[in-house]
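First comes one chain, alone, set out as structure tokens in the form predicted alone.
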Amino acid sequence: MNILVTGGAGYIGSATSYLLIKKKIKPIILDKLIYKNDSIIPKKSTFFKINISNLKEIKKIIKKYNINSVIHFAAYKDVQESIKRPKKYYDNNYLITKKFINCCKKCGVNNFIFSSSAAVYGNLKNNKKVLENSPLKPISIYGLTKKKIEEHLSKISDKKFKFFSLRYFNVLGADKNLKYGPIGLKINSFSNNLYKSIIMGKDFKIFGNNHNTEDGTPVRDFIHVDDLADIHYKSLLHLIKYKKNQICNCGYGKAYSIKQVVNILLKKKETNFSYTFDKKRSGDISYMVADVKKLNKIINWRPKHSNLKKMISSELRWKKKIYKF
């Protein structure tokens, strides 16, 4: 099995690459290293520092390594930044990605795993678990680009080219041996903001206490990065075997409000921080929890790392290791 992994030096990409190596598969990793951190690239992989826009080199790599499957992680991923810099996200996450996908198909790639997002759904009218066939009404450019790529994949798919789109919910956690974890402290993620508040002694900001949720704070479904990596591997095996397009939610189906998570952490003696409420952010979804029945049925998948405290603790240990403060 010859697999090309774009964005394989990033958070989820590196976790998936390490898993592939455990499965005796040597991934070919492409990454432009926007966070300038190559320490989490698996040593047993083949690595190229390259942008997916460099189609000339992409073609050479696909041909040289006889690539038949692609797992595509490479993308900008900050929802808030996508609202402030829409062109950057539209160009990279849609236009460049679209050309890359077309190139893969033209070069004979048969199987394409796409990193999508729960951001494709937007705000739901009712606080219910979201299904894959729920209306897609993204409220950020980030979410819109993911929706448009899914549409493009559906459009160009044929007997020889099939795809499996994975709609991520909130990814947390790091490797228990601290080989990999999230990189890039500038991204406005829950865990980054939490880490900064703990280390720098600043208030952790909860964005909005007037959301349409039980306690007024946003509600999320968190999933450990190792479970998500496992989903990618099993999805690829399923796609190769059954040759049928699929779109699935990737979460645990567990609802936690941000205030709930904060209270859980504050009960732990080793975690000490204060928090305040700030106004809602543009592009923030109020309630987003996955219905994962389809995923569980299709690839017969069950989580192994669903303890929220352990997820957050592992990530905080990772951040302390790589940022050293």
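Nothing here was measured: the structure is a model prediction, and the numbers come from that model. Note that residue numbering follows the sequence shown and begins at 1.
Here the subject shifts to the form predicted in complex with a small molecule, a form of this protein not shown in this document.
**Q** Examine residue 142 and determine whether its closest non-hydrogen atom to the small molecule in the model of the complex is within 4.5 angstroms.
**A** Contact check for residue 142: yes, within 4.5 Å of the small molecule in the model of the complex.
**Q** Is there a heavy atom of residue 257 no more than 4.5 Å from a heavy atom of the small molecule in the model of the complex?
**A** Residue 257: no, not in contact with the small molecule in the model of the complex.
**Q** Taking any heavy atom pair closer than or equal to 4.5 Å as contact, tell me whether residue 169 reaches the small molecule in the model of the complex.
**A** Within the cut-off, so yes.
**Q** Give a yes/no on whether residue 26 approaches the small molecule to within 4.5 Å in the model of the complex, heavy atoms considered.
**A** Contact with the small molecule, no.
**Q** Tell me which stretch of 212 to 220, 72 to 80, 131 to 139, 101 to 109 has a heavy atom within 4.5 angstroms of the small molecule in the model of the complex.
**A** Among the candidates, contact is made by 72 to 80.
**Q** In the model of the complex, do 7, 10 and 117 all put a heavy atom within 4.5 Å of the small molecule?
**A** Yes, the whole candidate spot contacts the small molecule.
**Q** Which one of 280, 32, 59, 44 is close to the small molecule in the model of the complex, taking close to mean a heavy atom within 4.5 Å?
**A** After the contact test, the surviving option is 32.
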